[in-house]
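Next up: just one chain, as structure tokens, the form predicted alone.
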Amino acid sequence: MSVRMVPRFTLAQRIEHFVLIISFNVLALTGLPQKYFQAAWAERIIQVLGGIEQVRFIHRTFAVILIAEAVFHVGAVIVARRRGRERGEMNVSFQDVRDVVGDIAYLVGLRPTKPAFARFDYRQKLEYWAVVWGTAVMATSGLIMWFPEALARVLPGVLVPAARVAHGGEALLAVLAVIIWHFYNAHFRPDVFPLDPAMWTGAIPLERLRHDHRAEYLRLLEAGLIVDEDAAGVGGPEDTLPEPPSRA
């Protein structure tokens, strides 16, 4: 039986995600050995990559790529909002707080069904904004360390060591967040193991949309953007179309 798929990510968004994967991993591979340069494993990685100057060159090259991608992403969001293609679906609202409470109640058995999540649930929003925040901190602190003399001409020089502390701490936090948080959601969660392919294929099975993002499923169904032959089973209080996400 063929699986009915619903578009979820555009080609540009998938390319952005791929660039983010590559740049993040290369930055971690070349950045952490610089932070822990006294450790034997760090020294070994630096030697394998051709020495500290080569490591710094690779790190800065991919930092520029990540910053360029971030600028592109902001521009793409602005253009999409002006053209009405983006509806502020990553905006955090009080509904997300209600979803957290409802999800906890569901997981501990206090309610029979999970909340009707919109296109992106609270976990995906937290991860998205963590990437936005982390990229801003890493880019700002990285540029300060890259051009300390330029900064010292206009701002207090104490910002240079402060940037070094922030850069290293945020890098470690980002790596741990990816290993613990993102890997679980995208790979090890029972209903997606071993891989959530949505970001690679750009689509999500209709059945999973109905189960994991029920508010979005009902919105698309009501708008006539999808047709579900099994929709006859949809009904009752849990299927009431909730308030749409706040518009951008």
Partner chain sequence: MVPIVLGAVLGGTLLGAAAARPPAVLAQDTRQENEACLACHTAPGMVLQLPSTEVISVTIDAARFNASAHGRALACTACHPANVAVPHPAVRATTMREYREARARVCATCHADAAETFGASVHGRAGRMGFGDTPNCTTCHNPHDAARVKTPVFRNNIPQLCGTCHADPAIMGKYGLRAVYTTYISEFHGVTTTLYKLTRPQSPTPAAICTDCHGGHGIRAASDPASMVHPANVLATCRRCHPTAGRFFATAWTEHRTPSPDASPLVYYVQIFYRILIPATVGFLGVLTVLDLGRWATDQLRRGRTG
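Everything numeric in this text was worked out from a predicted model, so none of it was measured. Residue numbers count along the first chain shown, from 1.
What follows is about the form predicted in complex with the partner chain, which we do not show.
Spell out, yes or no, whether the shortest heavy atom distance between residue 222 and the partner chain in the predicted bound form is within 4.5 Å.
Result no; residue 222 lies far from the partner chain in the predicted bound form.
Give a yes/no on whether residue 199 approaches the partner chain to within 4.5 Å in the predicted bound form, heavy atoms considered.
Because no heavy atom of residue 199 falls inside 4.5 Å of the partner chain in the predicted bound form, the answer is no.
Is there a heavy atom of residue 195 lying 4.5 Å or less from a heavy atom of the partner chain in the predicted bound form?
Looking in the predicted bound form, residue contacts with the partner chain do not include residue 195, since no heavy atom lies within 4.5 Å.
Can residue 43 be called a contact residue for the partner chain in the predicted bound form at 4.5 Å between heavy atoms?
Residue 43: contacts the partner chain in the predicted bound form.
Of these, 79, 71, 92, 176, which has a heavy atom no more than 4.5 Å from the partner chain in the predicted bound form?
Checking each option against the partner chain in the predicted bound form, the one that comes within 4.5 Å is 176.
Name the residue from 75, 88, 84, 156 that puts a heavy atom within 4.5 Å of the partner chain in the predicted bound form.
None of the others qualify; the residue that does is 156.
Along 48 to 65, which positions have a non-hydrogen atom within 4.5 Å of the partner chain in the predicted bound form?
In sequence order, 51, 52, 53, 54, 56 come within 4.5 Å of the partner.
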